[in-house]
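This document opens with one chain alone, in structure tokens, the form predicted alone.
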């Protein structure tokens, strides 16, 4: 059976710096109508940077939505039309001061598909060389290396709550432990 919803009308109610919010009226598969609130977002990129010793570069920063510090992989928001890999490599250098000579695409993920159109591409970076950190204005974070196995245990113990980071750690471990 086809469960596709048909959009009947769309009304943008907010156009911000990062997101846009619209309300759509849809026709459901059974013919009834419903409203859907949708957030348009240009997408993001996360990059798990792994040293030859299987240490991972992480960043810890305050996230206002959850009112706490979160341990994450370096990441950033795409500009509309921007190449995800270029964005990821830029964010890696800006946030950690490292550049990478090799990358592997680990996939594209939908963090909150019930109401947000954001897609996050995740890459694994290796061949790391230390350069210089270039944090954005108003960006405050700390960089720390952790053994991949330690991060894996933290994911399994629910100590890492950021979804892109957890996915990256699980996929990197699966690839590197082959």
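Positions refer to the first chain, counted from 1. Just so you know, these numbers come straight off a predicted model, no measurement behind them.
Not on display, but discussed next: the form predicted in complex with another copy of the chain.
Student: Decide yes or no: are 75, 81 and 94 jointly within 4.5 Å of another copy of the chain in the predicted complex, with each residue judged by its heavy atoms?
Tutor: The answer is no; none of 75, 81 and 94 reaches another copy of the chain.
Student: Answer with yes or no whether residue 108 is in contact with another copy of the chain in the predicted complex, where contact means some heavy atom within 4.5 Å.
Tutor: The answer is yes: residue 108 has a heavy atom within 4.5 Å of another copy of the chain.
Student: Using 4.5 Å between non-hydrogen atoms, is residue 69 touching another copy of the chain in the predicted complex?
Tutor: Although another copy of the chain is absent here, residue 69 would touch it in the predicted complex, with heavy atoms inside 4.5 Å.
Student: Is there a heavy atom of residue 123 lying 4.5 Å or less from a heavy atom of another copy of the chain in the predicted complex?
Tutor: Heavy-atom contact with another copy of the chain at 4.5 Å: absent for residue 123.
Student: With the partner left out of view, is residue 54 within 4.5 angstroms of another copy of the chain in the predicted complex by any non-hydrogen atom?
Tutor: Because no heavy atom of residue 54 falls inside 4.5 Å of another copy of the chain in the predicted complex, the answer is no.
Student: Going through 109 to 145 from first to last, which residues have a non-hydrogen atom within 4.5 Å of another copy of the chain in the predicted complex?
Tutor: Stretch hits, in order: 109, 110, 111, 112, 113, 114, 115, 116, 117, 118, 119, 120, 137, 138, 140, 141, 142.
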